[in-house]
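Encoded as C-alpha cells, the following chain is the form predicted on its own, with no partner shown.
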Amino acid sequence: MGPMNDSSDLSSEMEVDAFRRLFPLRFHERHLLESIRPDGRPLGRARDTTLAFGAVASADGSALAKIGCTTMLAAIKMEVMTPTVESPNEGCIAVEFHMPPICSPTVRPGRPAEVAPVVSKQLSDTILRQVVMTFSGMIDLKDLSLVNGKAAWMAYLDIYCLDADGALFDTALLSAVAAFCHLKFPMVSLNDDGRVVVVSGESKGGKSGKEAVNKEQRKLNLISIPFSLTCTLHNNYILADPTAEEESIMETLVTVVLDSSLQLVSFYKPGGPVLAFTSAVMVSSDLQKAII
C-alpha cells in the first residue's frame, strides 16, 4: 500500500502544479475564497523581514534587507563635491536601482529590466520628496554641508536587487533607510590647495602629513523614517506584501508610504481599474499600521 499511496500523492501534486501553471488566476481565486494564500499566509499578513547592517565593508553605509525571498543590497559611497550656487549650504543624494540577471528569470542579460527605472524613480521621489518636505523630512541636506559654498557631501546610493519575488519597492526602500542609518561620514582634511578631501586609509594611520579635520566619524541624523507597504487588489480582496506571482496575475497594485509619525507620504498606483482613492489609501494604510 505504501508505494501506491506515494504514487497517488505524487500524481495529485503534479495535477495541482499543472493547474496552477495553466490557470494561475483561478488557482489563486480558490484560495481567496478561503481567505488564505498559497504560501499559507492570511490575506493581510506580510512576509518575514530581516535586516543586516554593514553588508559591504568598502561602503560608507550599507545594509542587506529581505522581505520573504525578495532581497536587496544597498550601499552608500560619500564623495566631496562643490555645492550649487542655488544651495551653497546643502549636499546632494543620487539614487540608482539595479536589477542584474541573477535576480529573476525575467531579466535578460544585456537588456535592462523594465521595472528597474520605475522602482528607481519611486525611490528617488520618496527619498527626495522626504528631503524637501518641511514637516517630516527624512534627511536635512544641510547636514551634508562641509564648508558653506565650497564643499559638501555627495551621497551615491546604489541598490542591487539580488532576488525579485514581489514588493520590490518596499524591500528597496527598507534597505535604503537601513543603509542611511548605518552610514558614517568619512574623515576629511584640507589639501595643499585648501580644498576639502577625503582622508584615505593610509592617512588615517598617520602615514600622511595631513591631519583629519573631523576626528570622529559622525552618523547622519534621520529626522523621519519612511516605510512602505505594497498591496494587490483583486475584486473585493486586498493582499498585503504580494509575491511576484501574485503581482503578475492580480488586477491592481498599490503602494502606500507612511513616515514614522504615520503620516501619508505618497500613494502609488500604476494602472489597473479606477479605484476610490480614499478607500484604497485607508485600507492599505490600516494594514501597514497593523504590520508596523
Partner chain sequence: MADLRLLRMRCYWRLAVFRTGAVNAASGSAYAEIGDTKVIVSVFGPRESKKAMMYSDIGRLNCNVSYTTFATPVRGQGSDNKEFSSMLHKALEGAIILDSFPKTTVDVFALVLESGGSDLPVVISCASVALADAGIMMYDLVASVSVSCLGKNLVIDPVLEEESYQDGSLMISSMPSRDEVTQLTITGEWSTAKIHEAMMLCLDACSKLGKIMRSCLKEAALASQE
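As the structure is a prediction and not an experimental result, all values here were calculated from the model. Positions refer to the first chain, counted from 1.
If you look for the form predicted in complex with the partner chain, you will not find it shown, but the lines that follow are about it.
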- prompt: With the partner left out of view, is residue 77 within 4.5 angstroms of the partner chain in the predicted bound form by any non-hydrogen atom?
  reply: yes
message: When the contact criterion is heavy atoms within 4.5 Å, does residue 112 count as touching the partner chain in the predicted bound form?
response: no
message: in the predicted bound form, is there a heavy atom of the partner chain that lies within 4.5 Å of any heavy atom of residue 185, even though the partner is absent here?
response: no
task: Indicate whether the partner chain has at least one heavy atom within 4.5 Å of a heavy atom of residue 233 in the predicted bound form.
output: no
- prompt: So which stretch, 139 to 147, 162 to 170, 218 to 226, 177 to 185, is the one near the partner chain in the predicted bound form (non-hydrogen atoms, 4.5 Å)?
  reply: 162 to 170
Partner-contacting position among 52, 32, 69, 249 - heavy atom within 4.5 Å of the partner chain in the predicted bound form: 69
query: From first to last in sequence, which residues of 31 to 69 have any non-hydrogen atom within 4.5 angstroms of the partner chain in the predicted bound form?
result: 55, 56, 57, 58, 69
